[in-house]
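Single chain ahead, by itself, as structure tokens, in the form predicted alone.
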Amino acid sequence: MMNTPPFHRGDIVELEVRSFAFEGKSVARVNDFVVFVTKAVPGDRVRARIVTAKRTFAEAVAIEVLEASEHRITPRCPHFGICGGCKWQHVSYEEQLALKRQNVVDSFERIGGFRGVEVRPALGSIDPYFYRNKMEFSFSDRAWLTEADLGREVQSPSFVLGLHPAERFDKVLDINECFLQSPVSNHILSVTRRFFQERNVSVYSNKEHEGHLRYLVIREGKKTGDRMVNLVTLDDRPKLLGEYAEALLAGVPQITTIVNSINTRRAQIAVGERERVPYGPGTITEELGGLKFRISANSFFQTNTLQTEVLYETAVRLAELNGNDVVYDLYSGTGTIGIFVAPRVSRVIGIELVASAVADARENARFNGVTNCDFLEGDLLDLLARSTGWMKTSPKPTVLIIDPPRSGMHPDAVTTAAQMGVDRLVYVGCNPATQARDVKILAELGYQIEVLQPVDMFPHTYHVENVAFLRRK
């Protein structure tokens, strides 16, 4: 083992990039010393600048491609490499899918200790561009300048509307065009920027806790065509809001509702304590599998509508659902999975800790006329305790569908789920590492993996959803 690293911060080195690693970084080796490289693709030969030098590894950023990998492509977005939204636009989409599948394989082998499990090819997004139904842009008076800007000694603009550079939340990159949501959302972005710039409206400063404009959130119904513009501000200015709504509708008539969320707190979140609705119903509607879901400004909804249908259909197919099944939907959120499977089974019981999500789930069920779904609010462990009253009068589950947050499940929750003794269990994971950790416990408690199916919900990022189907031995 080396006592001192072979490189120092600032060194320029030539590297042969071999493979991908965690969080979309690539790996090069110099005499068994590992260098994690950003902006590189396996198969590249690059010149790179060392940005971190540790005793056992270094981190670098590629500054010149000397020999391009066969998997490297030209990024579509002019902001790529600076904006923090996309990490893999320089990688062919076929290779992205292969890498995401390999991420699942590596996690289940390295963390779960599984060997020989069937991991199917990742299911690609129908359209790897313009797939998001929600985008959140930030207003700022602190612009991020590119190296080209700095070379021209450009003065930093005092009004920007866009996205944060990678790992920099103190500044904002002015975005003219983004390929993640839709051309219409880009038009909304430009109309909004021009309107407030012309009126010299102040932007919010967290340090001073003053300034009017905080966030612009755009939501779209990919199936319905509904569009919501949610302007998040520090205070309430009805006259200015009315003028903005008029200008916005004149420039972008496809908008179906406009909301002003007022957030007076220091918390840097695009959520308000109260709302003003100058136009439309204040909500939009989206469809999943023929069902309709009403989405408010603060509702959670999966951000890739078309691929969410693929994800849920995959879960349904693997679970082998039938009309006699009773499904417990753990971490049920706003009820999308539970309501989606409800027409195919006898009963669905969802469990969710967040009160607002449970309220949304119940409303979504009513909105669709679904009567065989119940959504319970509370801690998972408490509600699944065998002494709990509702369990004594409710049918026992035949299938569990589990869709936890990125952090995965608490070990006690995994144990409790296993002790329910269902024959079929579907674990929908958005983090293969924590999913593999939890599935390892399930395997120790009598379950066997039958298949793993990765689903790509977020093209051009390293994130991947993975559906694990387990059967009780």
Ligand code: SAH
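The first residue of the shown sequence is 1; numbering continues from there. Because the structure is predicted, anything quoted here is derived from the model rather than measured.
There is another form of the same protein, the form predicted together with the named molecule; it is not shown, and what comes next is about it.
Considering the named molecule in the predicted complex, the lone stretch of 127 to 135, 335 to 343, 99 to 107, 183 to 191 in range is 335 to 343 [heavy atom distance within 4.5 Å]. Contact check at 4.5 Å (heavy atoms) against the named molecule in the predicted complex: none of Gly272, Gly282 and Asn364 pass. The named molecule in the predicted complex is approached by Gln302, whose closest heavy atom lies within 4.5 angstroms of it. Taking the partner from the other structure, the named molecule in the predicted complex has no heavy atom within 4.5 Å of any heavy atom of Pro42. In the predicted complex, the named molecule lies farther than 4.5 Å from every heavy atom of Gly211. Within this chain, Pro165 is remote from the site of the named molecule in the predicted complex, having no heavy atom within 4.5 Å. This chain is displayed alone, yet in the predicted complex one of Cys83, Ala122, Leu380, Ile349 has a heavy atom within 4.5 Å of the named molecule; that residue is Leu380. In terms of contact with the named molecule in the predicted complex, the residue from Tyr331, Phe114, Tyr93, Phe195 that brings a heavy atom within 4.5 Å is Tyr331.
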